[in-house]
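In C-alpha cells, one chain follows: the form predicted alone.
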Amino acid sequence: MSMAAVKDELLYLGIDGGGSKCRSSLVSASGEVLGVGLSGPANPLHGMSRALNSIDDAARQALSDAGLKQGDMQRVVAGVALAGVNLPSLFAAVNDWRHPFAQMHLMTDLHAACLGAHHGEDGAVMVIGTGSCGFASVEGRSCLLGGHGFLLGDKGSGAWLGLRGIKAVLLAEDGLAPATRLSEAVMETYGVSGLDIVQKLSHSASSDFGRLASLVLQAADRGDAAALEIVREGAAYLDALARKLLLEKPPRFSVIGGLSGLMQQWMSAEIVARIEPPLGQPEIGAIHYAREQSLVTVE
C-alpha cells in the first residue's frame, strides 16, 4: 500500500510492553502492517518514566519504519498493553499520561496476548518470559492468574530462574549447599565470585535476572542438581497454572513468551498436548482492542 493511500485515514498502533522490551506494530485502517518498532523495558512497576519513554520510542520507530512523519502520530489510535497495569494504581497513572496519540486504550499485556493468540476470540494464554502469568477469556468471563512480579511470584519465569540461580550460587559459595555448575557459569559471564556477585547484582532489575535464565536451563540440561531442582519447581508451577486456566474450558490454549519453548520441555506431557500455536502476537491483540474501543468511543 502506498503512503498516499493512508495519508488521511486513521492508523492503529499495537504496543506490547513487558519487563525486558516493548514491541510495536502499526497498521492501516484495512489491517495492513505498515511498520514495526522495538524499544526497552516498559513495565511501569519497575519505572514509570522508563516505561512511558519506551512506549513513545517504540511508537515513533513504527511510524519511521512505515515511512510516515512523526506528525502522523495525531492520527494514531493506540492499543497499549503493559505488564504491571493489572495493579489499579499503575493503570490509573499510565492512563493519565499525556500521550501523543489521537486515542489511547490501555489494557494488560495478558489481555492483549489472549486476543492476539486467538484472533480476538475466546481462549486462554500463558506467558513465560521475563515474568509468568496466565489469562483466560471465555463467554464474557475472565480469569487472571499470576503476574505478581519476580520479587513476589512469577515462578517459572526468566527472572525467577535467574534469581534462584544466583541464590543457589551464593549458598554454594558459603558451603551451605552442594557445589553447582552455575558458579562457573556466573564467573564466566560476569567475571566475579563470592561477595562480588552481591555487589554486581544486588540492584539488578527483573530483566537483568531474566538474562541469566539460559545459564540455569543449560546447567539443568547437563544434569546439575541445583539447576534441575530450580527448573523442575518452575515447571511444576507452570503445570498448575495451566491446569487452573483449563478449568475455564477455553476453546484454545496457547503459550507465548521468550522461554515458552524451553520451559515446555520440562512441563507435563498432558499439558503440552493441550497447547496450540498462537495465531498472532500480543501487539496485534492490542490493535484488536484499540479498534473495538475506538468504535465505543465514537458511539
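In this text, rigid core is short for the largest set of C-alphas that superpose within 1.5 Å between two forms. Throughout, we count residues from 1 along the sequence that is shown. The model shown is predicted, which means the values in this text are computed figures rather than measured ones.
Omitted from view is the form predicted together with a further copy of the same chain, to which the following refers.
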Site check Ser214, Ser268 and Val272: each within 4.5 Å of a further copy of the same chain in the predicted bound form by heavy atom | no
Pick from 166 to 174, 184 to 192, 98 to 106, 217 to 225: which stretch has non-hydrogen atoms within 4.5 Å of a further copy of the same chain in the predicted bound form?
-> 166 to 174
Heavy atom within 4.5 Å of a further copy of the same chain in the predicted bound form - residue from Lys244, Arg50, Arg252, Arg60 = Lys244
Which residue, Asn86, Ser137, Ser207, Thr180, has a heavy atom that falls within 4.5 Å of a further copy of the same chain in the predicted bound form?
-> Asn86
Gln199: heavy atom within 4.5 Å of a further copy of the same chain in the predicted bound form?
-> yes
is_contact(Leu151, a further copy of the same chain) in the predicted bound form, heavy atom dist at most 4.5 Å | yes
Leu45: heavy atom within 4.5 Å of a further copy of the same chain in the predicted bound form?
-> yes
Please check if Gly129 has a heavy atom lying within 4.5 Å of any heavy atom of a further copy of the same chain in the predicted bound form.
-> no
Taking the rigid core as the superposition reference, indicate whether the CA of Leu45 shifts 2 angstroms or more between this form and the one not shown.
-> yes
Rigid core fitted, then: does Leu171 show a CA shift of 2 angstroms or greater between this form and the one not shown?
-> no
